[in-house]
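The chain that follows stands alone, in the form predicted alone, written as structure tokens.
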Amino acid sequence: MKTGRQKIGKAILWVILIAVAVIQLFPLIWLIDFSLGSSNEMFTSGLLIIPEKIRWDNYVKAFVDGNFLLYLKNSVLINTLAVVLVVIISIMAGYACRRMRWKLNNFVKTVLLLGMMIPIHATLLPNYKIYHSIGVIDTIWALLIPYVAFSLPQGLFLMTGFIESIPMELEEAAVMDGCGIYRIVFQIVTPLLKPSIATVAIMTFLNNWNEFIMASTYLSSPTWKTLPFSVLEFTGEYSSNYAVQFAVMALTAAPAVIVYIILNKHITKGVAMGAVKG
């Protein structure tokens, strides 16, 4: 039986959590609210509006005039490749650092994990000069390389924690059966890393989806521009049409929000398990 004090404490906790959730979600609610109205209705005294007429045409203009499909395709392709590469490399690097014995084992792991302490945008200028010298500016590699490089330390951190929890006896039995190193890693170890793989994949996707500074620095032609560039398509003709700009912002944010809502339990579960096991 819960005492009155416990019930009051639980009620207070729920109130605090609901208040924090509302504060966090309010900018998204505000964005969607004003994207369904007209630009003139934005200049009202209230925080939110009730549009006189639902303007779905704002989303039609955002979808058509913002090159949405092209930029969406580029974002999906680049982020999918980044997720696949980060997962594969972090599994192999995590296994090499935790299970294999070699002289620079701890040193290499430490160097890789130091990447978590470096802000991704602190490397803009040196990366630009390097990419320009090797001729990858304005190509898919200009984004793929830094996205993978800066997502890898986090992936390695989570993978090593899970790999440590896998019993060595499984790998010893596989060796006795004649399995090579690659069969052990990808057929024995990898299936046991599903929670960690899901967490690394989702966090890599979310971290890179809305990245804009590097994309605007390394890309100039629309061939490989990603979804955040849709917003820039309205700086000219629609510069005063705020409702259309809000619509394209909502469309840009929608995929990441949907992915997070659907897969949120995998993120929290994977991070919690990785922290305990690591």
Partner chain sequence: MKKLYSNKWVIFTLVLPGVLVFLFAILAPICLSVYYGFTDYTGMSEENFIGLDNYVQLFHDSAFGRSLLNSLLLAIGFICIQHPLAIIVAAVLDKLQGKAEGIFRCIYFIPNVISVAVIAYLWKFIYNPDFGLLNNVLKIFGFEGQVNWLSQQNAIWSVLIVLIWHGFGWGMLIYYTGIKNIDPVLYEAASIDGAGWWTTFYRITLPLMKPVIQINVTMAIISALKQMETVYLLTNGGPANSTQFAANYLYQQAFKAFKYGYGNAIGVIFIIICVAVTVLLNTVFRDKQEA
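Residue numbers count along the first chain shown, from 1. By rigid core we mean the largest C-alpha set that fits within 1.5 Å across both forms. Since this is a predicted model, take the numbers as computed values, not measurements.
Missing here is the form predicted together with its partner chain; even so, the following discussion is about that form.
Although the partner is absent from this view, W224 stays clear of its partner chain in the model of the complex, with no non-hydrogen atom inside 4.5 angstroms. For S165, no non-hydrogen atom is located within 4.5 Å of its partner chain in the model of the complex, even though that partner is not displayed. Not displayed here, its partner chain is kept clear of I137 by more than 4.5 Å at the level of heavy atoms in the model of the complex. Although the partner is absent here, P191 sits far enough away that none of its heavy atoms falls within 4.5 Å of its partner chain in the model of the complex. Residue-level contacts in the model of the complex: of L152, L143, A82, L158, one residue has a heavy atom within 4.5 Å of its partner chain, and it is L152. Along 104-129, these residues reach a heavy atom to within 4.5 Å of its partner chain in the model of the complex: V108, V111, L112, G115, M116, M117, I118, P119, H121, A122, T123, L124, L125, P126, N127, Y128, K129. Comparing the forms between the shown form and the other one on their rigid core, the Cα displacement of L70 stays under 2 Å.
Superposed on the core, the two forms barely differ at E211: its CA moves less than 2 Å between the shown form and the other one.
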